[in-house]
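Below you will find one chain, with nothing else, as structure tokens; this is the form predicted alone, and questions on how it binds or moves follow later.
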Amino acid sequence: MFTSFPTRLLAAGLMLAATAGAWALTPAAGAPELSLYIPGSQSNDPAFGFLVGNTTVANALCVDNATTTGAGTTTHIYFYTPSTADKAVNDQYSAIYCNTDDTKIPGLTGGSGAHHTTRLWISRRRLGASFVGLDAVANGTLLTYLKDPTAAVCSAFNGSYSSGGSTFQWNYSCTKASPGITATAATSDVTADVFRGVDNVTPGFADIDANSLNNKFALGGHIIGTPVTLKLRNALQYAQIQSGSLPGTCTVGDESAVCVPSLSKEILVSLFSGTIIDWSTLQVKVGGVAKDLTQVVADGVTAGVSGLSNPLDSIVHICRRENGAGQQVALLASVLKSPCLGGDSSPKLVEPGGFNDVQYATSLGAVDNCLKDFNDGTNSWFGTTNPAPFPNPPATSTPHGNQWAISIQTTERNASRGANYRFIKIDGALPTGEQVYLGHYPLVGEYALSWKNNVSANQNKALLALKDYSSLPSTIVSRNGTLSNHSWGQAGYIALSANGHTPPATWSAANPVTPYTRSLNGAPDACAIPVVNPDYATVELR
């Protein structure tokens, strides 16, 4: 099935294949008795039981946790590869095959034994992100998935894939994705009510009618950041040290919380709507004299300040996401208030063709590489292609490097600082759970699970169990690990008091429940301005 392998990988694959018969549940064990096809955002992936950094962070539905060797468990992870077994990744298609029962899914029927033990296939599709998933459920669009462990043509192979500063492990490599499959439910970085309007809808598709979704649940708060290229972070940092906005004890390159530079919400709106097209627009008062950002940096370069360099140009470079990408929709709803205000009151997201430089980065990894290339002059994203209808990145021959760019990205990436970009503050607040809890940090998407009533009884019960488990503060705590633990604090996720969880009187990382809610009327509303939840009526004043 596969062509040539490196000797070490071939040996590992053959050894695994030889021992696969000892596993309690394999593709040979029979067809799944319960299948869930769930497209959309990666925001809730850990709750399905996928391995992150060799560890099962959370596990809503499977009786056993997966292991990196596939031994001693009935749960196994499947990644897709169009190439050889060792090249499998989770960027497109992935799945989990496991045993479940009524201790994990209350009310489950069928299966075998006293607890209705059932073979469960959870098939995930990340292609197209949030909008494509919601469209599949709301509008019935058929999509491509790993259909089942046999149809997907899978071979036993333990592997590990690196992305965004972490690793993701799998036990089977699969080479065939099947089209024409109906979605069971969808995950999204933001609730379905704001996937409408040009900026929030994939071109050629209709708006999402949230009222058509019988079941819509906000699971938790996903803390999203505005990363900038490392050299831009250093420029902002130096300028704000010089102006007194940051402490004089800070130095360029300091990664501590107190030394992270900040942009106001209004400046971010102006950047992402295209009314600021040049970084020289930003003015700084140094020693009583107003200078633009590039001038302040030039003075620092002349003074020999380490970590500073004059940029190739002063144009604002933006690595934006494709229309309908959930984290960008969160930015639009939370910061630009689009489509919430409607008409001309909501600024439109900037498109290519203006005096700034707007580029499409159509995945989380593409955002990483777009920022990296603008900073370093590398060709990880330059010279690649985007899915239609989005324009491709510039050719590798386009001069680039040492340029100042900004984007949108989950705070679950680059905590290791392996890529040359950094997150910044908004209005002086860091993208941490603590700052969200205090009501200071605004860019939070309430990631969601949505489905219609056309699913089977057991599918509905499984989705309700997944929803309940995913929203627990203890599940949120288990997810807030090294993947989102930055030098300036713990980012990642926060639990919602709207889901019936009591917020602590003062911040507690062990019980990260926000006292604010967007669901005063009983339904998720991404356009709502968060207010103190009247069911608990306490909030920390700080």
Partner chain sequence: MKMVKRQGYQWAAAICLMAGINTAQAAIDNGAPLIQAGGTGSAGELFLNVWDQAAATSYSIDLGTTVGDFLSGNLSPTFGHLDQRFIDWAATTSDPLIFNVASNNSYVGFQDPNMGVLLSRRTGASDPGHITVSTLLTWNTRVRDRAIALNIAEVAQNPGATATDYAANLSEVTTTGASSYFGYTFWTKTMGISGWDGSAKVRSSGVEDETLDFYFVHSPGGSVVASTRAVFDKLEGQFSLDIANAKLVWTPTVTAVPLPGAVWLFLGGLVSLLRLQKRVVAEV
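Not measured: the values here are computed from a predicted model. Residue numbers count along the first chain shown, from 1.
The same protein also has a form predicted in complex with the partner chain, omitted here; what follows describes it.
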query	finding
Candidate spot V198, A206 and G354, all three touching the partner chain in the predicted complex (heavy atom, 4.5 Å)	yes
Residue among R417, H440, K348, K265 with a heavy atom within 4.5 Å of the partner chain in the predicted complex	K348
Listed residue (F217, W121, F390, F382) with a non-hydrogen atom within 4.5 angstroms of the partner chain in the predicted complex	F390
Proximity of P339 to the partner chain in the predicted complex, heavy atoms at 4.5 Å	yes
Non-hydrogen atom contact I241 with the partner chain in the predicted complex at 4.5 angstroms	no
Exercise: I406 in contact with the partner chain in the predicted complex, heavy atom 4.5 Å	no
The partner chain contact at G343 in the predicted complex, heavy atom, 4.5 Å	yes
Which of 373-381, 296-304, 462-470, 189-197 lines the interface with the partner chain in the predicted complex (heavy atom within 4.5 Å)	189-197
Residues in 252-275 close to the partner chain in the predicted complex, defined by a heavy atom within 4.5 Å, in order	G274
